[in-house]
Every structure is written in structure tokens, then in C-alpha cells.
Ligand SMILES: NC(=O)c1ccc[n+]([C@@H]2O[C@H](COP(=O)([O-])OP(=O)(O)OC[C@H]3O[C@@H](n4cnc5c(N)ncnc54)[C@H](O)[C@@H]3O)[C@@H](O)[C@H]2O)c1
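First comes one chain, alone, set out as C-alpha cells in the form predicted on its own.
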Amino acid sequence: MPKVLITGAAGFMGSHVADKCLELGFEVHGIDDLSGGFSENVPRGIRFSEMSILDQEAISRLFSENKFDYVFHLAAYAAEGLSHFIRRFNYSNNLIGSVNLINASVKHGVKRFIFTSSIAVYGSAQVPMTEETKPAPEDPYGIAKYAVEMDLESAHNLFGLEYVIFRPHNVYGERQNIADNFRNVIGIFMRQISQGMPVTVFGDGLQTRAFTYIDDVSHVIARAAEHKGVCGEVFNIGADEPRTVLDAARLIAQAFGAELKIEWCQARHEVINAYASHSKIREFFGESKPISLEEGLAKMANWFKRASKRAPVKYRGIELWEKLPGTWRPVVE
């Protein structure tokens, strides 16, 4: 039975990938520092440890005590807009922590390292973004993700570490952290609408994103461990149809049977149009019928209504206050 490690296993994407790995018959070990995930997300049937990927000694012990065949690295602080103002925190968590895992994987003979990157690596590239598009990230989050991609290529060239890279985008669904003020626009809108508040829309709301339901990506990522012919490959993964932020807000209000109210906020520095081509992943992994945005939002809304409600917490640790959007200032310290 293959033994796998999943980082971020108490988080949104990590817990879903853990589910799929269990279905594939893997022995699953999960770690998470619970800074953005929750223990109730951890699937039954996996061995779980509360641990930070920044704790190099703990990571080294973990790999020494377990001969992992595959590593799925999903732990990250994925706040693209906020990453401009928490640069040291961003690079520590999203780059240095990743290097700790890559080093351990090389030292302990991991067969394959599966990394969840982001289409943030493309920046404002021409859409639809393809894997041949030259990355040009515009925020520290995207820069860190792309740096890890390059480090994996370097580790493969020198040490032979096999890797597969996925670049998902705008993934939403059950178990998403709905108490985060800076990540997961779908969760933020659901929380605001459920409380009768206006949704906060930056700029004109016509930014386009291909919002992606979690089940459409988690099973493919899990299969990458033993899928043939994918080593060293990079794959965009997600929904095909771009929709505006306003479209998403209207559909969420509809799912809650609520009137949509909007608080218009000053535009922030972000990529306006972000969606990708997925012809390559279909070529390697086959066709699959995606869940529509309407259906996916209805599923998430039903879960949201039953989920434990957590009050949003203030973010502590802003490093640069210059040009921080005014709407964020009340929720940071």
C-alpha cells in the first residue's frame, strides 16, 4: 500500500485530496499547523499531526519515521492581494516551507512530489492562459509559487526527484474557510449575504474568474501520484467558463434566497481577467464533466447553512501599511 503525505490536510483543498487518496487505497498521513484549517476537516482514516512546514526539525523527523512514497504539497497562505503587505510571511510560508519539504523528499527517496501551484504565476497574461504562457507573476504569492516550481525542476535535474505541478484557480466548495477576510471570495460573499450585509466588490465587479468546484480538481490531483507519463509536467486545472465577480455574487444571493446588496470599493491591484486553457490536462487525464457554477454554489450554500459559524478574525502581522486598501484596515492589526 503506497504511503503518502499531504500537507494542509486540515485545510480546504488538502482535506479533499486526502479523501480521494483514501479512495485510491493509499495510506495517508496528513499535517497542518491549523492556522487556516480546522481539525474537523481532517478525514477519518488518515494519520494526522499538527505541524508546521516551517519546523525543519519536525519535518525531518516525520520523513525519517515514515518512508513516504508520494508527497502532496497543498499547505499555503493563498492571499494574493494581501501578499503585497505580508511579504516576509508570504515567502516564509509559501517558499521556505516548500523548500523544507523538497529537501526532505530528496533525502528520503520520495518517488514523486505533487505540488499545488496557482495560475497566479501567469500574472496578467493573455487569456486563456496556457501552460506554454511564460509566467510573469505580479504579486508575492504568485512569485513564491513560481519559485517553488523552478526549485522542483532544479531538484529533479540534480537529484532526480520526480514532480507534477498543478495550477488550479478560484476553487470553492465545502470546508472552505468562511471566516477569512482576505481569501476565498465565494466564502466571503456567502458570509456577507447570509448576515444580510452588502457584498464588498472591488472596482466594477467585471473581473473574470473561472470559479472551480472542488470535486473537479481533487480527484485529478490525487491520481497524479501513480499516473503514468506526467512526471515533470505542469497542468492548468479548473473550470473552463469565465464568469464575472458580479455573476458569482448574484448566484450566491439566489442560492440564499436573498436580495443582493453591494458595497462598491476602490479597485485594488489585481489581475483583471484570469482563466486558463485545460486542453493539456484532458490529453493526459481524460475528459470529465465539470460541475456548473450554479450547481456548485448551491452545494456549497447547503453546506454553509449547516457549517459551524466562526467569527472572522483580524489578521495580525501586516508588514507594510502603505497603500493597504482602506476596506481592509478594520480587519487587520
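Heads up: residue numbers just count along the shown sequence, starting at 1. Just so we're clear, the structure is a prediction, and the values are computed from it rather than from any experiment.
As for the form predicted together with this ligand, it is not shown, yet the points below apply to it.
Comparing 321-329, 7-15, 20-28, 305-313 against this ligand in the predicted bound form, the single stretch with non-hydrogen atoms within 4.5 angstroms of it is 7-15. Taking Tyr141, Phe113, Tyr122, Phe189 one by one, only a single residue has any non-hydrogen atom within 4.5 Å of this ligand in the predicted bound form, and it is Tyr141. Contact annotation: of the candidates Leu152, Ile252, Val199, Val171, the single residue with a non-hydrogen atom within 4.5 angstroms of this ligand in the predicted bound form is Val171. This ligand is not drawn, but in the predicted bound form it has no heavy atom within 4.5 Å of Asp69. Taking the partner from elsewhere, Gly36 is found to have a heavy atom lying within 4.5 Å of this ligand in the predicted bound form. Contact check for Ala298: no non-hydrogen atom falls within 4.5 Å of this ligand in the predicted bound form. Proximity of Ser118 to this ligand in the predicted bound form falls within the 4.5 Å heavy atom cutoff. In the predicted bound form, every residue of the candidate spot (Ala75, Ala78 and Lys145) has a heavy atom lying within 4.5 Å of this ligand.
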